[in-house]
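Only one chain comes next, encoded as structure tokens, the form predicted on its own.
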């Protein structure tokens, strides 16, 4: 059976990691994977997370099974963080959630949930997109459709083109959106644009599927939820998937949330939740607990939660300062360049205006590695590396021009 597999190729992320590993250049620069690093290039863990772990380690506990729905305290406290203001303002709104092994598993379970309910639903995804995210929907057997979102060559948000394309959505389709800090572009809709998208979904009977992976990296812990919360107030049903990996720097602990939102909580929500539970149980039985316990500990303690928010503020401000530094460096080296898009975008990522061939040139000539669409992770860019990146970018752009 195994011999039937012929020349199976690595996906873009695996291929990127292999090229990076095989590069013997001691000065190679990894700006790819979405992990927060400090100025020394080390993977940083929040002090609030370390404190929570120490508290958990000091308590007697067991390693017994939990429910397939996961850690109930984590679910309760995450729902409060995400939806409390919406629930207070909309008594008709209902939320039912499960813990998942990160947002990736949440996307996969959510995709299969949709497939069970509506096998002919189409999932609308942006161009460009985070390719790994789309695999969860493809593997569930759902058809993918695409809409323009961001012009890579000209660093421009294509909102009007997006809305024109989405006019082709049909009842029962799914619209896949990033709740904040769009991956890979860093380009988010304004609240007015969120409203327009929500109203279109509502009028067409389309199910929004909102993925929130970078809460706190854009405008703030609460501010980064405003688009999602506005949409929840305007549509009848919605799916929200949340990752705790970046917001709590617990990447490999795999803690996430999948929430079903309905403005008909007295009707079908409980049955939908039971189906969701069975889909999750059929995929992995139950999620790991350690990361969920860490998050629950932080969110359940006022002082520790305040410390976590303050640490995220520091991270967000540092990332913005690196965006501003790279913009200023590029424009100082070549005044004809307009790099203002770097500071208009939010979160870890932006896409540099490079073709795939130019991106490979960045690797081969300058030892600067990025993921597809020339996605740069500002959280991995130290201050003393900004000039190097700017020089390489301008050299490649000017040589090709």
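Numbering follows the first chain given and starts at 1. Computed from a predicted model, the values in this text were never measured in an experiment.
If you look for the form predicted together with a small molecule, you will not find it shown, but the lines that follow are about it.
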(message) Counting any non-hydrogen atom inside 4.5 Å, which residue from 128, 216, 102, 227 sits next to the small molecule in the predicted bound form?
(response) 102
(message) I need to confirm a contact call. Of 188, 297, 289, 211, which residue comes within 4.5 Å of the small molecule in the predicted bound form, counting heavy atoms only?
(response) 211
(message) Quick check for you: of 188-196, 157-165, 327-335, 239-247, which stretch puts a non-hydrogen atom within 4.5 Å of the small molecule in the predicted bound form?
(response) 239-247
(request) State yes or no: in the predicted bound form, is some non-hydrogen atom of residue 183 no more than 4.5 angstroms from a non-hydrogen atom of the small molecule? (result) yes
(request) Report yes if any heavy atom of residue 323 sits within 4.5 Å of a heavy atom of the small molecule in the predicted bound form; otherwise report no. (result) no
(request) Check whether residue 254 has any heavy atom within 4.5 Å of a heavy atom of the small molecule in the predicted bound form, and answer yes or no. (result) yes
(request) Answer for residue 108 alone: is it within 4.5 Å of the small molecule in the predicted bound form, judged on heavy atom distances? (result) no
